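Single chain ahead, written as structure tokens, the form predicted on its own.
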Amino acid sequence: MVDEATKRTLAKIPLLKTKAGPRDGELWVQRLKEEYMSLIKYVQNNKESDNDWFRLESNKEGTRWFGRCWYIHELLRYEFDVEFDIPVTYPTTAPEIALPELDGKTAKMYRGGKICLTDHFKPLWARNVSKFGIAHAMALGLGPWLAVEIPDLISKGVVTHKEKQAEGADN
């Protein structure tokens, strides 16, 4: 189900040890530290392999995450806001990653711009509960979703590059 390149990427993302969610007090603080360490390592790995594609930050409690992600298609960079909340049943339940500006533009999305991860990502998450974290959700969830959906949305004219939009406005 997972290709070799994905397996290599995953092998470089540290697994998490603390099984805790936002309601678990000090255990959540420990889990959050592990989440940040895993995310930092994943971002470093991406930069080293010239595959830098997102920025994330969280609120003070680590329960609301937001940032930007991008996808390069035919040498043009398409950027999107990304956001998600940590479910109260985390890490048993994976976060639902949303790209609000794409809401309603593809069938592989739920209300509010939440990307559909049911078939491929959620079974992997379920088999790795508590070991997987936010970095894994980005690597196994959002990354592959962008790689499939964005080129399709571009080819259909649903998503256009900002420079092309500006050119159209000038005419």
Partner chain sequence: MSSASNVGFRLMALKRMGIVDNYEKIREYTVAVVGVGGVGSVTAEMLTRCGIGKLLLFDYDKVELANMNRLFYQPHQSGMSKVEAAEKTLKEINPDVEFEVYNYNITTMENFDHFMDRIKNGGMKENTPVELVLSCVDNFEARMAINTACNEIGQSWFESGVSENAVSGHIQFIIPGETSCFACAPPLVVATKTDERTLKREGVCAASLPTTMAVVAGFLVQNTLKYLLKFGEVSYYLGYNALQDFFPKYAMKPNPQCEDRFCCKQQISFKEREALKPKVEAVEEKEEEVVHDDNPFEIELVSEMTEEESKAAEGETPELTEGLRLAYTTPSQNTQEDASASIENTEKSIEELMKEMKGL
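Residue numbers count along the first chain shown, from 1. From a predicted model like this one, the values you see are computed outputs, not experimental measurements.
Only in words, not in the display: the form predicted in complex with its partner chain, which the text now covers.
inquiry  = With the partner left out here, check for me: in the predicted bound form, does some heavy atom of H161 sit within 4.5 Å of its partner chain?
reply    = No, H161 stays farther than 4.5 Å from its partner chain in the predicted bound form.
ask   = Wondering, does L15 line up within 4.5 Å of its partner chain in the predicted bound form on heavy atoms?
value = Output for L15 is yes: heavy atoms within 4.5 Å of its partner chain.
query = Taking heavy atoms and a 4.5 Å cut-off, does N51 contact its partner chain in the predicted bound form?
reply = So N51 does not count as contacting its partner chain.
query = Any of the heavy atoms of D119 lying within 4.5 Å of its partner chain in the predicted bound form?
reply = Yes - in the predicted bound form, heavy atoms of D119 and its partner chain come within 4.5 Å of each other.
ask   = Would you say all of K60, M109 and N128 touch its partner chain in the predicted bound form, counting a heavy atom within 4.5 Å as a touch?
value = Checked in the predicted bound form: all three residues contact its partner chain.
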